[in-house]
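The chain that follows stands alone, in the form predicted alone, written as structure tokens.
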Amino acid sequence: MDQKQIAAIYHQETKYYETKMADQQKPLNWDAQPSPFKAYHTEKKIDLSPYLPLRTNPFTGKPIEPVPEEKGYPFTLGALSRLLYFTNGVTGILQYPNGESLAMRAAPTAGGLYPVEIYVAVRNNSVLEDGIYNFQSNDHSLALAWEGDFWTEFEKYCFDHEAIASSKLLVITTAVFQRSAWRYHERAYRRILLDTGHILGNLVTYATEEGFYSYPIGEFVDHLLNRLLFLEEGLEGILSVVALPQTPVHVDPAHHQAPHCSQAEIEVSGLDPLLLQLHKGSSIQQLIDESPRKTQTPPSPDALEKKYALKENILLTGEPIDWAGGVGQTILLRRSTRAFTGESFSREELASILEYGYASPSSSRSLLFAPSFLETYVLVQHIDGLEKGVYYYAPVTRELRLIYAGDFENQSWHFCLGQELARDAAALVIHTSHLENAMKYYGNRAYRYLHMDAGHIGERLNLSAIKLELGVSGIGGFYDDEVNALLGLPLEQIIIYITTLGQPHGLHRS
């Protein structure tokens, strides 16, 4: 297998086809379902639940007594508690008739599987020991896994990223592969990356309310960071590091260039599941690259603004989303819609949702990994003031460009695996990318960046839609080639994610 092209091979091999679904969706072994929580047995556990922004503890059912905001340098336990809670804490517990329950989180996840673990690294804090902690979402606590100041290692293994040196707090996301692979098999890696993006969307969006600036870092030496956290190879791996300084940092654009390794030198066993082959094949394995560092920078996000420029241009104007009361309450309300009414909502509401989806919390668009390679198409089915059809969305100029008109509800229902959710949605936002072009800059690692970015933007679409009291749900399972056909795109243009928007019907679930 050509490891230089493992991302393209993986994507092709994990496409869904109607004729092969019986083989691709095998019966689930419920006795073998992995736990969505990771257990750490440590005497040093820090209870963060007294600082939950709730009246009742969701785990005990007991009232939460107000706790005075203690003093702490450079941030308090309360600030950290809220940050982790709104990033991916338990925001509700669903009880089933058989007595079992599902702890629903702040960020959406495919199949309720929650494959992403969160760790935090802390230094020079007056209320926490230096060290690396695991966030125990099942009781909202921190388990001290490793004591010590590991900043030198984090800086070195993340290629001296400027934001790490300026931070006293890092949030690290890892993937426990089997949690998702149990159900989605090889395609699980796509879902895991999207779920990671959802979590990053919450973290980056909420962090400013606690006085943090967010700098997601995707370029690091995988095996060295994994070893630092003592992760078991093949079972769990780091996908992102987020530096959280309390003052803005100037980041050298060189940190967003091509990987520091020759992808051809990465050893991948053909005996590994394809999911792990891609994870290994998209890893950076060397701290110092012996070959000259690539100096080309990716094209500006403005480069994609010219696509379909000769088509009919429709300027989308809408009121900016009002977050005056903070985004936290909306995160608490967020649930994936399971059914739409088929009714419409306004063009202005669509404008507000899309604008917030692409707007950065700061003036910089570099908060995303590779946004200039993501393309957005909107399938309009029931939007007041817009003709039904397939549109291209130019996020910088906020324009919709009509590619061709038509009623495609039956096609959207079919390519989303027969989900009525897609048929009854008012609009579908579809993220795509030309994978080969992205790989010219990032190698196989581009596959990670594109999916995490799409998940990040997708979560922002989630939050803005919920704020407007509309329904929203992400779809990661679809007949890939059929989506390409409807959009009129070549197969080299991969389909990454679909977000459905509409008027909600009935109850929501995570």
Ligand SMILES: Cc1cc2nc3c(=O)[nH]c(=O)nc-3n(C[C@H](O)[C@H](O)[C@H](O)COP(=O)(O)O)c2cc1C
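Sequential numbering from 1, following the sequence displayed. Because the structure is a prediction, the values reported are computed rather than measured.
Note that the form predicted in complex with the named molecule isn't included here; everything after this is about it.
In the predicted bound form, the named molecule sits within 4.5 Å of a heavy atom of Gly477. Within 4.5 Å of some heavy atom of the named molecule in the predicted bound form lies at least one heavy atom of Tyr497. When contacts are judged by a 4.5 Å heavy atom cut-off, His279 does not count as touching the named molecule in the predicted bound form. Under a 4.5 angstroms non-hydrogen atom cutoff, the named molecule in the predicted bound form lacks Pro395 among its neighbouring residues. Comment: the named molecule is not present in this chain, but in the predicted bound form one of Arg401, His140, Arg335, His161 has a heavy atom within 4.5 Å of it, namely Arg335. Of the candidates Arg187, Arg82, Lys168, Arg105, Arg105 is the one whose heavy atoms come within 4.5 Å of the named molecule in the predicted bound form; the others do not.
Judged by heavy atoms within 4.5 Å of the named molecule in the predicted bound form, the contact stretch among the candidates 378-386, 417-425, 68-76, 209-217 is 417-425.
Residues of 97-134 lying near the named molecule in the predicted bound form, listed in sequence order, are Met104, Arg105, Pro108, Thr109, Ala110, Gly111, Gly112, Tyr114, the criterion being any heavy atom within 4.5 Å.
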